[in-house]
Structure formats: structure tokens, C-alpha cells
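Shown next as C-alpha cells: one chain only, the form predicted on its own.
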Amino acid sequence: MSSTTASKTLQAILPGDFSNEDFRRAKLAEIDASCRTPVLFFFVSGLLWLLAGTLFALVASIKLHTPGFLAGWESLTFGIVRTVHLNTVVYGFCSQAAVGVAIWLMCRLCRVPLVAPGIVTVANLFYNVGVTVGIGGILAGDSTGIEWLEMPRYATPILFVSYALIAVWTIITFRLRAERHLYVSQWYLLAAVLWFPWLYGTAQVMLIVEPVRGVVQAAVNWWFAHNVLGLWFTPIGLAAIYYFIPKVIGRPIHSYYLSVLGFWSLALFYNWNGMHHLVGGPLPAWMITVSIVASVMMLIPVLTVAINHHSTMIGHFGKLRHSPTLRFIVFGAVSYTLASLQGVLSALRSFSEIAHFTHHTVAHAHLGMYAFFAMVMFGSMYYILPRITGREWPSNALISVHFWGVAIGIVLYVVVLSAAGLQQGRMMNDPTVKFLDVVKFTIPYLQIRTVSGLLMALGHAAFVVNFGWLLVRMFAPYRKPVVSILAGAEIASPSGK
């Protein structure tokens, strides 16, 4: 088969398609059933950490404009609370949601039931033990002080074992796959699970185990902190987008060739980006310049992916009203584009002089980590859970509360803090403006930040209630069989027997 014919064949294949409909449904039901327990474990534990992270986020936000809030609790200072929030959301929720989605996607795309379930179970147990030990250490004052790597050194080996086990499981599943064609989502999933243990392990050795000296620490820190989003969360998020948009709307991805370009340009350019966080720092100018150039070159994968996703959706935007999966996924896909474009702008020296060390940077981080990745994970769960449980979502109203709460909350958060951060930067660069005046200027915006946090907390609560209700319906006497799964139904309605 020629390369042209092969590419057209791949382009014509929808993720997970089978030639015979009855066989296809039976096989999908078998795959989904095999994934039920481990995927639910990752999702349930991830959502519990999300609730904890949301609580700490609200406390940290309130402390920014009301410093006396909980001031009598020494273990709840802003430095500790903010750090706990970051780690519970990033490692507790986002990473576990990512692994749960990756497990289901790999089984679906490889067309095999879950293999080596023991590896996945041990990985989940190790992971939650590691996060619990790490968060407990931070609350006890044992934080390393290294951003995105704040968990104490006695917690990180446990997490590393979990990451390594997930990578081993992914390789085993890929090796035993029944489908020989590779869909674009598989490229991203394989890349993520192979890149991250290497990334995490290297950072731990160079910063915690045998720490490098001087400004090299800052260089390694931002190499890791930037790439944890670019080489771990971003590939899994894009894998989900590439899978669910075609699956829900029932048409193949727009261009196989754009998929190839987007993947390899991401792999080539993203890992050079971290140094632009150190513009103005005491590092060699060439390192900063190379990072800025690589950040600008990220326009290639970002625009390529944006064009591919938008072109796939053309003529199907009306389905956003009916599919919660599509609603969250498209919101996340648009946010990925905006976050990346904002990141390119932030890398420029002239812009960094204004925006660095301001709330603009905080808004940018949330645009990438939450508006893009967390929203994509929410959308993925809305698709996956009915299929592995055999039950529909109990409440459309709660789905709406979830979406509008988190969507309005994060948009308000990003817009307000981005604007406030730019003005804050101009004021700090003006020698005639007192720093106290800058602080007073930001207070109203920080109060709005708390309001946006409350909206997102409302959305999280609605999702957890709906999720718990869904799980209850799996058991008698509360079972309610599926009548019509979300758009693109794939499994037969359970008999309820």
C-alpha cells in the first residue's frame, strides 16, 4: 500500500470503528466493562482531590484580599494553602483524570480489553498514597520550595513508581493491540506516558536528590514546570480532543497530514520553552533567546491543531447544545489555542517586562491548566462514564450548572486577572507609583477572583453530585437502565437483570 493510500485510509477511519455493527457493539461493551473498575478508581479519587483543591483555592484567594482570614492557623498561611491547592489539583485531580482517560482511550483504540489490570491497580494505590504523603508533608512544612515540585522527597519515589507502572501498562497494551492502524490520539498518549517519567525523574535527580547549583536550578525548575504541561497534560488533552470530536459528531478528523505536522512540531518545539520564564534573570542570553524562538515556533502546532479541530467541527456546531462532551471538549480546544497564543506573547522580552511577576501570569497558568486541560477531562468523563457504567447521567440540570459554573468562572478569572496584571505591571514599572498603591489597585480584582472561584466550586459540586448519583444507579434498587446514551451511542441498553 502506498503512503498516500495509507494516509487516506487512516483519515477515513473514525476512532474505534468496526466493520460489523453487532460485533462492534459487543466488542466495545467488553472493552468498556473491562475498564470499569480501574477507570472509576482513578476518576473517583481524582474528584475527591479536586474537591480538596477547590477548598484550598478558595482559602488562598480570600487571603489575597483579606489577609486576616484564618490568620490564627499557622498551617494555613497563604504560602502553604496555595501550594497545597496547586498540588492537589495538578497531581491529585488532573493527573488521575488524565490516566483514567488514557486507559480507556488506549483500550478502545487498541481494540483490546484491559490487560494486566493488576499493574493499573497497583499504580492507582501507589499514586494516591504518594499524593497523600506529599500533601501531608506540605501541610507539615516540608515543602521543597521548588515550584511544581513542592512535595517532599520522601513522597516522590512513590509517585515515580506509579508513573512508571502506567508507562509499562501502556506499552504492554500497545504491543498486544488488535488494531494495527494507529490513530492520532495514540501518538499523543504514547508520547505522554513515555515522556513524563523521564521528565519527572530527571527533575527529581537534578533538583532534589543531587541538586545542581546556582542559576542552573532555576533553569531545570522551569524546564520541568513548563514541560509538565507541554509533555504530560497537553498530549493527553489533545489525544482526547482528537478522539471525542470525531466520535461525537460522526465524521473523521479533517486532515491526517495536519495531525502529523501538529504532533511532531509539538514534540520538537515545546521542550525548549521553559527558559522564557527567566527573561531578565542571570542566565546566558542565548538560552533565553533559544527559548523565546521556540515559544514563537509553537505557533506551528497550535495553529495546525486549531485549524484541524475547527475544520472538523464545521457544520456540526449545533450539536454543542445537546452533547455535554462536545461542549466541554470544544471549550477546552479553544482554550488551548488561546493559552498557547498568550504564551507566545508572554515569551517576548518586551511583553515580559510588563506582565512578569503579575497576576497576568496567574491567569495564563489557569487558562492552560484549567480552561484547556481540566475542561477536556470533564468532557471526556461525560462520554466515558455512561459507557463503563451502563447508566445515563441522572440530571441534565446538574450538567448545565457544572458547565456554566466552571465556564463563566474561568472566563471571568482569566479576563479579569489578565487585564489587572497588565495594569499592575505598568504601575510597577513606573518609579513614581508606590508599591502600596499597586497592591490597593489589585484588591477589587482579587475579590472578583474569589467570586469566580465560587462559581467554579459550584460547578465542581454539581459534577460530583451528578457523578455520585450515577454511581448509585449502578446498584439495586436504584438501577435505571440506559434509554439513550449521549450522541453517538455505542452499547446496547442493559437489561437491568
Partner chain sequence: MSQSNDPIRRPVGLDQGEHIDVAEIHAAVIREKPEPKEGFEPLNLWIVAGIASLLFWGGSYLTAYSGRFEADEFSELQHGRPVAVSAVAEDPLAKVKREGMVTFNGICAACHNEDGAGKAGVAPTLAGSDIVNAAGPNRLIRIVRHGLKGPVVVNASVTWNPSGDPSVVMGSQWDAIGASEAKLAAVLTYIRTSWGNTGSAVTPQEVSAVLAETKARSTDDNWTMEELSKIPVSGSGASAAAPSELTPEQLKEQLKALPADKLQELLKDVAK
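Positions refer to the first chain, counted from 1. Predicted model only: the values in this text are computed from it and were never measured.
Just so it is clear, the following notes concern the form predicted in complex with the partner chain, a form of the same protein that is not shown.
When the partner chain is considered in the predicted complex, only one residue from V296, I172, A140, L125 comes within 4.5 Å through any heavy atom, namely V296. Interface residue among R349, R153, H310, R426 relative to the partner chain in the predicted complex, by the heavy atom within 4.5 Å criterion: R349. For the chain shown alone, Y256 is a contact residue for the partner chain in the predicted complex, at least one non-hydrogen atom being within 4.5 angstroms. Remark: P252 counts among the residues lining the partner chain in the predicted complex, judged by a heavy atom distance of 4.5 Å or less.
Proximity of I292 to the partner chain in the predicted complex falls within the 4.5 Å heavy atom cutoff. A residue is said to contact a partner when one of its heavy atoms sits within 4.5 Å of a partner heavy atom; P282 meets this definition for the partner chain in the predicted complex.
Partner proximity in the predicted complex, defined as non-hydrogen atoms within 4.5 angstroms of the partner chain, places exactly one of 163-171, 82-90, 299-307, 116-124 at the interface: 299-307.
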